[in-house]
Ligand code: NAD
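Just the one chain here, laid out as structure tokens, in the form predicted on its own.
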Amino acid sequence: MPCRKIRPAAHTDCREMRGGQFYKNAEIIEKEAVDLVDEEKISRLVRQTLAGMDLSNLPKPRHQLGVFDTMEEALAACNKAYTVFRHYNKEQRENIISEIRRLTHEEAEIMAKLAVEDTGMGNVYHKTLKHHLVADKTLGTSDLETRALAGDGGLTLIEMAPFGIIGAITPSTNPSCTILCNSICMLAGGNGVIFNPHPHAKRISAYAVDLVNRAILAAGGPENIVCTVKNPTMETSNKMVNDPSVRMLVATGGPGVVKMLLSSGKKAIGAGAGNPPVVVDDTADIPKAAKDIIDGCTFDNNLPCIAEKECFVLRSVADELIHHMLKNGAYMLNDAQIKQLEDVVLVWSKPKKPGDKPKRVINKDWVGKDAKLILEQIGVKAKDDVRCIICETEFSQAFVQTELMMPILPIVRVDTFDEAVEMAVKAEHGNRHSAHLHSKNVDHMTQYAKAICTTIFVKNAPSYAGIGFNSEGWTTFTIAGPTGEGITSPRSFTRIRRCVLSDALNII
């Protein structure tokens, strides 16, 4: 998908506004005063500058709409707004969604920069593309269908109705994209939304909520139908989950948060973790497969949960595949470097209970970091065009068994396609999230699809084709494998209602 021309809005500085000319003058004074040792002279200069300025026209930090100090305030505001929004028809909701799309396109690069700055993960170009993808391919009210059953007994309508207030937990990996995508889908369904974002992405998450509210107001909608808190914590999450006005819960994140929501007693949608394997057989277009795999694995530095995490390739084409990966920005590790890298990107976890054995888990400091930066930690000065780290390993190696969310791709050679499928199923760990295949053999496609049983199954394309990027189908960043909704859309956030008229309007 080509990147659109970005036109940042004048009012959308991605950091808190600093006060225009006042700060420019103050910074000049500070620089000129470096050599002065008399602090009183410096203070006098500043006071003189302030006295001579007209401060009435200085820009003020913009109040972020829908962002509250406490969860109680957010809940109260959203409930108040919902008393109005619940009466909005589809046309009114679609007008709001159109404005969200427009602002998302307009401020895509700003949000991408803030997301990288806020979380330290991913890269600006790919995050910009993801925001445009959300704006273009998230479904709106067109996804909601009314069914009619007419017969001798009368007429029955089956419609998709809102749940009410939805409580949503969002991740640090795709923070603003998830909030924007969820907001479009949930508002399309007629719901209000309370977000409790990941604490490591609170600034970009607040920005996204503010954007949604600006769009809603511009379209004539009520203020605060989408809300969040300035400082999300486990405590604010618990308050959101347990509040009786929240009728539905949605979690996009790891298995812990999904389990917590599923035990709440409320209707819940859980989008959990994955460890997507990619298989390459001897019928594949190997040069294309190599490029597609590297493109998918490195998209936003492997942060998307659908991205290729480990590769199983038939031995007869393995050398050719690796050769073309190296031509497409990959760097190959030797055995000694693999050992070194393990100590960088993996750490030993503490046993949760007596008798548990410690195991290696990801070092979160390196999630979503550039391949070149990771390589520097083991003394490798890679070229600027290196974007992926590849290595040959055994099936049991930690890189194969662990979802790293880094541009690191372990490659395992296999003798048969059956062996590749067996290993891929085991490495996916039953998450039923995503899997990928490069093959021209339809029987292999069928065999793998039946065995892996994932929500997303991509063939002969980069993994991001699974969410509609350069492919057919709508997009989402809440892929609900654990609870079965799959690629979520507005209908996922509705409940089915039946309206029966007996012995009437059966006009045929």
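This is a predicted model, so every value here is computed, not measured. Note that residue numbering begins at 1 and tracks the sequence as displayed.
The following text describes the form predicted together with ligand NAD, which does not appear among the structures shown.
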172, 274 and 433 all contacting ligand NAD in the predicted complex, non-hydrogen atom within 4.5 Å: yes
Contact segment among 457-465, 439-447, 474-482, 65-73, judged by heavy atoms lying within 4.5 Å of ligand NAD in the predicted complex: 474-482
Heavy atom within 4.5 Å of ligand NAD in the predicted complex - residue from 140, 253, 222, 368: 253
Among the candidates 260, 160, 338, 423, the residue which, in the predicted complex, approaches ligand NAD to within 4.5 Å (heavy atoms): 260
Proximity of residue 239 to ligand NAD in the predicted complex, heavy atoms at 4.5 Å: no
Distance check, residue 287 to ligand NAD in the predicted complex, heavy atom within 4.5 Å: no
Residue 198 within 4.5 Å of ligand NAD in the predicted complex, heavy atoms: yes
Proximity of residue 179 to ligand NAD in the predicted complex, heavy atoms at 4.5 Å: no
Residues of stretch 353-384 in contact with ligand NAD in the predicted complex (4.5 Å, non-hydrogen atom): 364
